[in-house]
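Next comes just one chain, in structure tokens: the form predicted on its own.
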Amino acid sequence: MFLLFTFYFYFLMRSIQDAFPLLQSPKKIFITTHHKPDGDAIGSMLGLYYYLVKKGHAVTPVSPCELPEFLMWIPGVDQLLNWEAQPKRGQQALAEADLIFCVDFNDFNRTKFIEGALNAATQPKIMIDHHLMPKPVWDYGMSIPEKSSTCEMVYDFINLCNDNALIDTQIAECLYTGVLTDTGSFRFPVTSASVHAMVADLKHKGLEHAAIHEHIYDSWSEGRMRFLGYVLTEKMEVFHDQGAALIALSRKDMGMYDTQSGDTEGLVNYPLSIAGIKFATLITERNDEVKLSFRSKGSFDVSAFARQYFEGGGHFNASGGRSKASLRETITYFKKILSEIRPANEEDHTNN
């Protein structure tokens, strides 16, 4: 079988198995994920959507905002409701729901536009997520930070329900998308034996993995490719003494080369390919705040770093944060912090 357990922190969240009786008869179900969704967010939401529809439920999958272009091929994307673009329809779907599933986030504020509605909703809320330290707002859930992705956890959830036979190629393509992207194409330390066992099972069910890789990694626009060249040449700073690198992008930078939503996806990972670099940061200027993405190799805990300095969190080697200061002020503050730490001096972290 597979390792499966629920973390109970300082709040009473019942095991997801306790929610199974709620799913024994057809229900209206609202599923959502975090703002600016990535492959794991959309893959887990739509994989769960297809499974619950097969079980006879009426399901509305809702994204807080538009999807990045590289995910527009994924099965079920035509069923998605964009809350930002159609808030009244989103509010109606939430009001009519019997159950609420939340995937790939552990705090309602990660949904941005949907946060207030989720806080006010009285229906049972079920979480499936792999981020650290979930907030005490769910009735049932699975919270397993050791898991590679929320897509792997949706796969586990289906197996817990004894419904592995219901996994078809649509579900497989959705779930593989999240595992592929959240493991960095299976190179990150969280890529456990259970991940490979899952992929083997999906392959036996007809998954064509090469086509998904092409959709995600080999379908860039010319503008995005030229934007990457500009970023690495003009916007990347390397701090060899600290074993760190920084990419900082203004709104003007992100408007160059006809960049689209999602074109900054993965940029933070590139500096980690430089020998000796253990810590990489991407800072981007948004309309209402400055966003930060952190990645690390070895034992430098970017989740703790994000919580301490930038109101954020996430995983040990991958996390994010935010700043209410200006872009210039945030960069200055980050560099001051960087001068006081030594990510390159950390020993390798082997328990991730």
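In this text the structure is predicted, and so the values were computed from the model without any measurement. Residues carry their position along the shown sequence, with the first being 1.
This protein has a second form, the form predicted in complex with a small molecule, left out of what is shown; the following refers to that one.
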Practice prompt. State yes or no: in the predicted complex, is some non-hydrogen atom of His131 no more than 4.5 angstroms from a non-hydrogen atom of the small molecule?
Written response: yes
Fill in: the small molecule contact at Thr32 in the predicted complex, heavy atom, 4.5 Å
no
Item to complete: Report yes if any heavy atom of Val62 sits within 4.5 Å of a heavy atom of the small molecule in the predicted complex; otherwise report no.
Response: no
Worksheet item: Just to confirm, Gly39 within 4.5 Å of the small molecule in the predicted complex by heavy atoms?
Response: no
Discussion item. For the small molecule, considered in the predicted complex: do all three of Thr177, Lys203 and Lys205 come within 4.5 Å of it, counting heavy atoms only?
Written reply: no
Practice prompt. Would you mind picking out the stretch of 23-31, 53-61, 66-74, 314-322 that comes within 4.5 angstroms of the small molecule in the predicted complex, counting non-hydrogen atoms?
Written response: 314-322
